[in-house]
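Shown here is one chain on its own, the form predicted on its own, set out as structure tokens.
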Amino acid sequence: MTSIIPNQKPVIRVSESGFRRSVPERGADQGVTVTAVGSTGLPAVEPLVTVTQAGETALYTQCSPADVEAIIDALEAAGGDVDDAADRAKKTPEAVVDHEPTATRLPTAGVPGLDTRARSVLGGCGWRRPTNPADYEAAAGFEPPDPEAVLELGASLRGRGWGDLCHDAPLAETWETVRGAAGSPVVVVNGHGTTADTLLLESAPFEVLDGAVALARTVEADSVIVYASAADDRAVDTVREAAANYPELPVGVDVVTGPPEYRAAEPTMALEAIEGNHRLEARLRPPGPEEVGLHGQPTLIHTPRTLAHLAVGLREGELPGTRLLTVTGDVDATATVELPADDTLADGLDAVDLNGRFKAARVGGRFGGLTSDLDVAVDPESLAAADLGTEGSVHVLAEDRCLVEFVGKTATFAAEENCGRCVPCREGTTQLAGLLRDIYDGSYAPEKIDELVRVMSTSSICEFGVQAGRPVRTALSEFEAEFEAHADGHCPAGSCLDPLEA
């Protein structure tokens, strides 16, 4: 396979989720290269067609199959001249960007979501062919790592996502524990269920695999297991093909799927799913998986985001210092962007159009915190100080959303989806859902809610129970007037059935 890094001949890339769908691929021997690439993380602008030649790229957003054919025909008629093709095509490019002729990342451009100050980890998304090793090799991938360099980066690299064994904690100490543990180490890539992680598996799988392989070499692991939700079939197929195409793999790589339930992403429940257990329960700790993990072997469990950051850091000699943020909820389309750590949550919303006026957001995943203040940096310290989650997501709520109803549904979800192993989570989530339902009957007991959430957060055995009460706790802190109004029989948002009129 050869790389499609542009030189003199024009290259047309078609970027969308599910990159194999209907792209009329052509080789360079036909005068112009046309190829499919993965999603950029911004479905609202896709299918995105980029036309590149000699350090210039024109970006065409929201292209239909007919648009794609018209752009190809225009480029061929223009003899490969990008500017002339833009004039000939019926569709006007959203932006035209100058860049290095040998660029290996999607150029930043005047397209919402693609104009952030950084695009390192997501750089290959929408630019490189996901399963073609030549494109990744051209980006300096597949270089054998120096174990000491890996450990040095691990001292400052923090785990991304609640599915990471070292969530928000530096990684090197855990890596050293695995190196010194008895048994044959295993590296698990926990790509279950998170939009940003699924995007990386689907659009930049070599970035993830390269980080996992570097880590496996460092801790002398015999195998890497990529774990994903069975519902993410496209990502599973893509990473499986990428693993088969990885040149001279030094370790075995298996791709395993688990049930689509939210709880199946919890690190120890992920191990249960990989081992084939039908009932998923969180494991008691200590010992942790780094000592007794998959099939009793010392095991590292990291998300694709964590490992992709490691891969980029090894190539560039330093960590990129960015965070991936997925914006969803009352927006035109979900968007995943990469932001410098000192950017704010509000900067992430620049990538989307809101459906209505902004009221609040749940920040940090399913059990993130509720806030109306998005002037908070996306680094984990700032988010934690604001009692917000660090999962890497912002769920936007428009002004017609009822926050009591919203957190009530979250509590009900927690009551129905927890694994049932520990009492604080199993009984606490059920009681919490009941206390919120009582508000509609005029019984509002904030002291009971606060105490219940405190017990859950301090005594549950895994992050599911620890965080399940945070949406309610933060909503009470900032939006208590809505809870009081519901107890009085009135929904300020006007979206709930008035219990006094029911």
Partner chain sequence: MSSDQQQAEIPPLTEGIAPGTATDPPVGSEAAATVTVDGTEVALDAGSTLLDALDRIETDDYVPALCHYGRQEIGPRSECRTCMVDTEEYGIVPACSFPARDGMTVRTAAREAAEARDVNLDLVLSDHNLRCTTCGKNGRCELQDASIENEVEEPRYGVLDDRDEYEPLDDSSPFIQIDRNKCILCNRCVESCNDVQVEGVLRIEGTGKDTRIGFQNGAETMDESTCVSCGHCVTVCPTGALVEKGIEDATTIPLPGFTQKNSIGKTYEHSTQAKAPMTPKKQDEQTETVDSESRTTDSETVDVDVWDDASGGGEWP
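This one's a predicted model, so the numbers in the text were calculated from it and none came from an experiment. Positions refer to the first chain, counted from 1.
This protein has a second form, the form predicted in complex with the partner chain, left out of what is shown; the following refers to that one.
- Interface residue among 349, 419, 103, 95 relative to the partner chain in the model of the complex, by the heavy atom within 4.5 Å criterion: 419.
- Just one of 81, 281, 168, 379 comes within 4.5 Å of the partner chain in the model of the complex, counting any heavy atom, and that one is 281.
- Using a 4.5 angstroms heavy atom cutoff to the partner chain in the model of the complex, none of 186, 229 and 240 count as contacting.
- Residues within 4.5 angstroms of the partner chain in the model of the complex, judged by any non-hydrogen atom, belong to 433-441 and to none of the other stretches in 473-481, 38-46, 54-62, 433-441.
- Interface residue remark: residue 291 is counted as part of the site for the partner chain in the model of the complex, having a heavy atom within 4.5 Å.
- Among heavy atoms of residue 424, some come within 4.5 Å of the partner chain in the model of the complex.
- Among heavy atoms of residue 179, none comes within 4.5 Å of the partner chain in the model of the complex.
- Not displayed here, the partner chain is kept clear of residue 115 by more than 4.5 Å at the level of heavy atoms in the model of the complex.
- If you take 452-472 and check each residue for a heavy atom within 4.5 Å of the partner chain in the model of the complex, you get 452, 454, 455, 458, 459, 460, 461, in sequence order.
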